[in-house]
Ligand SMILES: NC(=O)c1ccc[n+]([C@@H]2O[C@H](COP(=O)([O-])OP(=O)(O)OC[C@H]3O[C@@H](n4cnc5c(N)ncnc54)[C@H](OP(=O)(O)O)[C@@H]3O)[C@@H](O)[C@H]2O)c1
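Here you get one chain, nothing else, as structure tokens; it is the form predicted alone.
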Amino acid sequence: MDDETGRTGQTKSTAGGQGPRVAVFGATGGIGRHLVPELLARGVEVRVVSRSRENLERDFAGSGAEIVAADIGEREAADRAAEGCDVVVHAVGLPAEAFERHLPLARSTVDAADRAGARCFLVTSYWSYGPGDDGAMSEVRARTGDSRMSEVREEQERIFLEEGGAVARLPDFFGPDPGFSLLNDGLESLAGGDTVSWPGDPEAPRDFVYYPDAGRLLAELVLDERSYGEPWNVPGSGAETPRSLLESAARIAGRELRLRRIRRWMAYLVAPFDSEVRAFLDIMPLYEAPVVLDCSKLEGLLGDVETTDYEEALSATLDWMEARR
């Protein structure tokens, strides 16, 4: 359908006719840092929201985005952050040990968007599926496993979908960004000449999405009114084994790959002494099985989807890491 701007399939415009106003909650996370510039490049008014004004200034000062420091877990702050916006994007990331907080924060975001008369959009991960299998997983694939983190992700999706929101499920991330990424961790070890430790099966094919590609594809979904009320699998650069990607990176970096598989029993030995490992055990079965997403539904919406090939993306990521040393 045509909106007030006359652009088929786009979200409604603001009163000033300059396109929609989008609030990005969790803007200083890895996905937010790449989504925001994509929205700005499309002429969208963007409000970036995070608890830390210092981090917001670090990432977005001079970008043209409106900066709002707010704890979205508090009703008044969440309402202030959503006020006057047409879309509220929830791209909040939390450490594994605080994972349960995703649920009250999701409800807070949805409620604030509702009071503001805005649509809501959730950026999440494939974790809601549970462990994968040899086939590509579509949006309606049944959930498996007994992970509490997977249950939290599934409930988070339900909260948004019941309110007519859109849900974007991403594969694991990598690329030029300091956000959480197992592949980035492996690339850092490789670049430093250290042994790469991989939790799970390095021979199990899985998809990885390059941060800049994730930002671009998410921006297209956020601005397309047809995406709302539905879950969407977002593609990465294709299913490859972690070993093959690390071998490619080693060749690019001129390094020898030394790869050590971390099995679950090994993680159990470390868990009593490391809270992050202890929390990760819940989700570790997902890294011992293939993860391939069926993204044909998204391709039917957006048309042919282009992503950065691994060789180019790995090279750019290694260059970025080298520049930060």
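Position 1 is the first residue in the sequence shown; the rest follow in order. Everything quoted here is computed from the prediction, not taken from an experiment.
One more form of this protein should be noted, the form predicted together with the named molecule, which is absent from this view; the next part is about it.
- Checked against the named molecule in the predicted complex, the candidates 200, 215, 130, 171 yield a single residue with a heavy atom inside 4.5 Å, and that residue is 171.
- Comment: the named molecule is not present in this chain, but in the predicted complex one of 71, 83, 230, 225 has a heavy atom within 4.5 Å of it, namely 71.
- Just one listed stretch, out of 257-265, 288-296, 273-281, 25-33, contacts the named molecule in the predicted complex at the 4.5 Å heavy atom level, and that stretch is 25-33.
- In the predicted complex, residue 153 approaches the named molecule with a heavy atom inside 4.5 Å.
- The named molecule in the predicted complex is approached by residue 124, whose closest heavy atom lies within 4.5 angstroms of it.
- For the chain shown alone, residue 105 is a contact residue for the named molecule in the predicted complex, at least one non-hydrogen atom being within 4.5 angstroms.
- Heavy atoms of residue 96 never reach within 4.5 Å of the named molecule in the predicted complex, leaving it off the interface.
- Along 79-93, these residues reach a heavy atom to within 4.5 Å of the named molecule in the predicted complex: 91, 92, 93.
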